[in-house]
Ligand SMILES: Cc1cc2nc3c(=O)[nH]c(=O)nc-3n(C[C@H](O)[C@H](O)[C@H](O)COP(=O)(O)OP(=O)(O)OC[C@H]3O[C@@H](n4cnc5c(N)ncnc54)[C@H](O)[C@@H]3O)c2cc1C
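Taking the form predicted alone, here's one chain by itself in structure tokens.
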């Protein structure tokens, strides 16, 4: 058994920022199922929102975020996000992050959707990548213990308190137990629940599902963000920076159609607005081959694209065979981000003692019903740092809590039995891969940008049947190093738990708000639905309840761009 005062699950930006904050002051470890530098945070291109320009203001950043959230974001949490932003950006600057600079040497900023000021700090279109590597270098220097390619299977809880985790060491094909005073979940999103997604293969919602199974509340899971511009066919992300630098969206007639949907913000309207506009154009016959529209950068010039959007150009050439300097790119919306997650307070504490969460896995509710581009990366470093600070404070006050042999033996017995194939039959007619394929099709086709009650009801039924089929399966391989068949089997189980909650939440919410758009209930309904959706696990499955929205300064009003 290995012991660390603070155990951070996940090696992306939120996890590494928490580790950096705690390192040197408490015994800290990061456990990650992939190497931290391969974390999905590295795919983030656009940048970090922060009101660092003297002509901008934190109040304006707060208002843009509240409005962007369709008034479901908790305003006390949004004030924390925006107020802490400038300090964190300059802290990263002092670490050595190579921000793109203005001619006068200041950190450059660009416009992203839904913002009233160009407040996104960036490093060309490698923003997440360079900050991830900078933080990784820092925690290596500070001696943080890292367990790469260790897959957390289950959180260990004793009398309602999380006291550690059961972990699978991929390299040596063996179980380990990690004890901790505080566990911080920073495992990112669940994009792989959808067939069309920008997310990496590792984004299977493990942390959210494990926290849910350990008794934590999940919140606002029905709010799923679809990014407007992904390469048609592969769904590789084409950053909002491409529109922030001046890109146009065009239909088959060459019409710059955002004029009809958001006449003031055009292509820089929030992502929910732009995604719906693209789907409407395609649905009404103005899409190419009835599947996609064009993102046009050809008027920007080669030098500008090379300086500000080198990765976008490279991705388009490699994966679509199109050089955006000379031809428009084929794009379609795809799942991108989870507004919902593990419910936390502004110090990243969950409803379960000993368990904290930060980043996309968490729901501190700074995004509400729709996230603005540039706010998620800021959330990772602001709340990663706050998670680290609060964890440090608590481990100094807390003793080591008991982990009984009963709890430990029960957990190890179950996992050893599963991995060793206890009770395994000679063959099985079904498999986790087939279930995964069906699940992702249901989520993409019936729980997507546009939703309707009858399809959601069918999705809930279908997902229930898939869960039944999954319950009768067992892993197909034997315990051996790097058994990704075992990992795939486990990830499908986590995804099914979350998919069911997303579909049930979407069916229950009979209104349209932010990224959740019901064709049968197309209006926002503040009287009935201005509240969070909470869900926790019971013996009979997920149980839903309501939670209040924090409104401090800005009363809900109709959203327009």
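Numbering follows the first chain given and starts at 1. Everything quoted here is computed from the prediction, not taken from an experiment.
The protein also exists as the form predicted together with this ligand; that form is not presented, and the subsequent description refers to it.
Asks: Does residue 435 make contact with this ligand in the predicted bound form, using a 4.5 Å heavy atom cut-off?
Replies: No, no contact at 4.5 Å.
Asks: Evaluate residue 401 for contact with this ligand in the predicted bound form, applying a 4.5 angstroms cut-off between non-hydrogen atoms, and reply yes or no.
Replies: No, residue 401 stays farther than 4.5 Å from this ligand in the predicted bound form.
Asks: Looking at the partner-bound form in the predicted bound form, is residue 68 within 4.5 Å of this ligand by any heavy atom?
Replies: Judged by the heavy-atom cut-off of 4.5 Å, residue 68 is well away from this ligand in the predicted bound form.
Asks: Can you tell me if residue 387 lies within 4.5 angstroms of this ligand in the predicted bound form, counting non-hydrogen atoms only?
Replies: No, residue 387 sits far enough from this ligand in the predicted bound form that none of its heavy atoms falls within 4.5 Å.
Asks: Only one of 513, 509, 40, 532 has a non-hydrogen atom within 4.5 angstroms of this ligand in the predicted bound form; which is it?
Replies: Contact with this ligand in the predicted bound form is made by 40 alone.
Asks: Of these, 459, 268, 152, 411, which has a heavy atom no more than 4.5 Å from this ligand in the predicted bound form?
Replies: Exactly one listed residue reaches within 4.5 Å, namely 152.
Asks: Based on heavy atom distances of 4.5 Å or less, which listed stretch (372-380, 157-165, 322-330, 283-291) is in contact with this ligand in the predicted bound form?
Replies: That would be 372-380.
Asks: For this chain shown on its own, do 75, 115 and 368 all sit within 4.5 Å of this ligand in the predicted bound form, going by heavy atoms?
Replies: Zero of three within 4.5 Å in the predicted bound form.
Asks: What residues of 28-48, in sequence order, lie within 4.5 Å of this ligand in the predicted bound form by heavy atom?
Replies: Residues within 4.5 Å: 31, 32, 33, 34, 39, 40, 41, 43, 44, 45, 46, 47.
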